[in-house]
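Just one chain is shown here, as structure tokens, and it is the form predicted alone.
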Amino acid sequence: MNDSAIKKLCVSGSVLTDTSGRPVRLFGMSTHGLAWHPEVICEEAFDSVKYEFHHNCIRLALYTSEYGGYCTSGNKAELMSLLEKGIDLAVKRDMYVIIDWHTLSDNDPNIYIKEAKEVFGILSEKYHALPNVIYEICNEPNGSCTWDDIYEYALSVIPVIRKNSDGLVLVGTPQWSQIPAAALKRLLPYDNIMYTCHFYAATHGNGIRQNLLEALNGGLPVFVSEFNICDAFGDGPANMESAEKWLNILETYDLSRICWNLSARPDTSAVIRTDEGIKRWTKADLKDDSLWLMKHFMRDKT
């Protein structure tokens, strides 16, 4: 990697910047679960994200609890190898890469806190010298998990990362990362932290938009690390009216955003029509809703 081609990320107040203080916005794709779709961790797919879709970031979703999850039935060595391959492919292309500890059905990230500390300890030590790597320590806390629960989890996990790296850390928020304003009552005592907001435009409307605005107007640094314009199950028809309202907020506040998901699944949220054994995808390989999404949300004006 050309060290001058990509800058270290810093959080200044509520704004993501480089080390010169210039604002930075990340646009990118999230993989689906690595255990289920390892095929996208390849040169051709990453070339598509960088050179065809013009994105500067990719998110690698390592599920923790579902079938094949890292902390349940998954092969830990194989999943770690796949994750590291994805990091290396992104770094080779001068892209930022998010290590997504994809908590979901485990509700409270404290359930697998031991494994989280082990994984983030290994990866932050290995990649500590690279400005590319971003650590998302809990994808979507949900159920009865409160901000206090997430806060205590972060107090244990972030120091493991900080022992090796001062890189950007993303922290999930309650109710599937839909309540970012909850973090305003008790901010984490670390530098270079952002709090996540997730939305699916066909399901999530004014209530969650207002919560995001409350967080932003309260000075919270927010990163949209997962979104789409379909429903919250990643399927169903897109809602363009709701999507436009979300887009207005993201543009007004210059928010970084990561789209779910880079795969050829039948779900609406999967942006590719077919993988055909994986080639370098072009816009002709995108689903119709995904073309609209790329143009409006992902700054692809070509």
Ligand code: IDC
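A quick note: this is a predicted structure, and the numbers were derived from the prediction, not measured. The first residue of the sequence shown is number 1, and the count goes up from there.
The form predicted in complex with the named molecule exists for this protein as well; it is not shown, and the discussion that follows is about that form.
Asks: Decide whether D106 counts as a contact residue for the named molecule in the predicted bound form under a heavy atom distance cut-off of 4.5 Å.
Replies: Contact with the named molecule, no.
Asks: Within a 4.5 Å heavy atom cut-off, is Y200 in contact with the named molecule in the predicted bound form?
Replies: Yes, Y200 lies within 4.5 Å of the named molecule in the predicted bound form.
Asks: Taking the named molecule as it sits in the predicted bound form, is T173 in contact with it (heavy atom to heavy atom, 4.5 Å or less)?
Replies: Contact with the named molecule, no.
Asks: At 4.5 Å between heavy atoms, is D47 in contact with the named molecule in the predicted bound form?
Replies: Looking in the predicted bound form, residue contacts with the named molecule do not include D47, since no heavy atom lies within 4.5 Å.
Asks: Sort through A232, I113, V91, L213 and report the residue having a heavy atom within 4.5 Å of the named molecule in the predicted bound form.
Replies: Here the answer is residue option A232.
Asks: In the predicted bound form, which of the stretches 248-256, 50-58, 233-241, 272-280 has residues with heavy atoms within 4.5 Å of the named molecule?
Replies: Result of the contact check: 233-241.
Asks: On the criterion of a non-hydrogen atom at 4.5 angstroms or closer, are N139, W260 and R265 all touching the named molecule in the predicted bound form?
Replies: Every listed residue reaches the named molecule in the predicted bound form, so yes.
Asks: Suppose contact means any heavy atom within 4.5 Å; which members of 35-51 contact the named molecule in the predicted bound form?
Replies: The stretch 35-51, when checked against the named molecule in the predicted bound form, contributes only W36 at the 4.5 Å heavy-atom cut-off.
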